[in-house]
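In the block that follows, a single chain appears as structure tokens, in the form predicted alone.
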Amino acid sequence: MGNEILVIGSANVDLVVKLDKIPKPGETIGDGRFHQFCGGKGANQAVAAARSGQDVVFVGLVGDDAYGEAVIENLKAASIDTQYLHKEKTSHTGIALISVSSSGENAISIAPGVNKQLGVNRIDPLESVIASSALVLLQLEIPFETSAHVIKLAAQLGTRVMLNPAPSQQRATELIGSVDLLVVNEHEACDISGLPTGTDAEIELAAEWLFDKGAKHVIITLGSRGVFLKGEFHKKFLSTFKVEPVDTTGAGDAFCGTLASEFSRTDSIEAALKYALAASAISVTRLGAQEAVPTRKEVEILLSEHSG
């Protein structure tokens, strides 16, 4: 088994408008400031893992258009192996339209384009790549059947899997049994388990439910409050770092990518969570998703400032 992280997922271009507040339905707000970034949960998490110092291979699809070329070049600039990121003429590169308020909240509309065409046929030729990876990282912005196939194949090959089942869907319960790390936010935990997550006690019960479905580690992210971890030897809340948010877009992806990187590097879930919490805290102080992910040095400085 190698040291590389294999990320199989979506790649988008994010078209971002920064406004004082997010418009209500039927409302128009002027004076916005426009930014274009590369995004998509898969690509975001791949960049986060790479910035943490891991070798990363990315599997996905982009359209045969200018946006697709921008995605490829951006991932290459992050030293990510893009040999399995293919161009398709059948549809456009995935696009996300994002409104960001001055308080850092966001509203996101996604046109997935070719991401929805990343079928099982793209996975079977990757058996040796999956077998040689330290960990496979997945989300649900690609077809559900593809994610399910990857998880089954990884289990057969003895490769660890981290799943971030977002956007959430109840069918995700079908995937949990062979997952080493399951990362969900409060809303996703509620959607998938059918249990409320409004209080700390309810969060613990939802995590227990997900753990009982077979995930070896369940991590429920709680925004500015930190995370709750449930595993065979763990059951605890971990707090995060206090920061002034600028843009929360991609914070969850920064967390997931850095967690995958650190867990595969250290094999310590608590050390990996501490690192990921620091990385995601830094990311919300910056605009964008991939651009906001800190380097390993930046994370280590924050951790050293809070040590002891």
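Counting begins at 1, following the sequence as shown. Predicted model only: the values in this text are computed from it and were never measured.
Form predicted together with a small molecule: not shown, discussed below.
S.K.: Tell me, which of 192, 181, 110, 78 has a heavy atom within 4.5 angstroms of the small molecule in the predicted bound form?
M.R.: In short, 110.
S.K.: If contact means a heavy atom within 4.5 Å, which one of 50-58, 248-256, 235-243, 263-271 is the stretch that engages the small molecule in the predicted bound form?
M.R.: Result for this chain: 248-256.
S.K.: Answer with yes or no whether residue 153 is in contact with the small molecule in the predicted bound form, where contact means some heavy atom within 4.5 Å.
M.R.: Looking in the predicted bound form, residue contacts with the small molecule do not include residue 153, since no heavy atom lies within 4.5 Å.
S.K.: Examine residue 141 and determine whether its closest non-hydrogen atom to the small molecule in the predicted bound form is within 4.5 angstroms.
M.R.: Residue 141 belongs to the contact set for the small molecule.
S.K.: Would residue 280 count as a contact of the small molecule in the predicted bound form, using a 4.5 angstroms cut-off between non-hydrogen atoms?
M.R.: No, residue 280 sits far enough from the small molecule in the predicted bound form that none of its heavy atoms falls within 4.5 Å.
S.K.: Quick check on residue 96: any heavy atom within 4.5 Å of the small molecule in the predicted bound form?
M.R.: Heavy-atom contact with the small molecule at 4.5 Å: present for residue 96.
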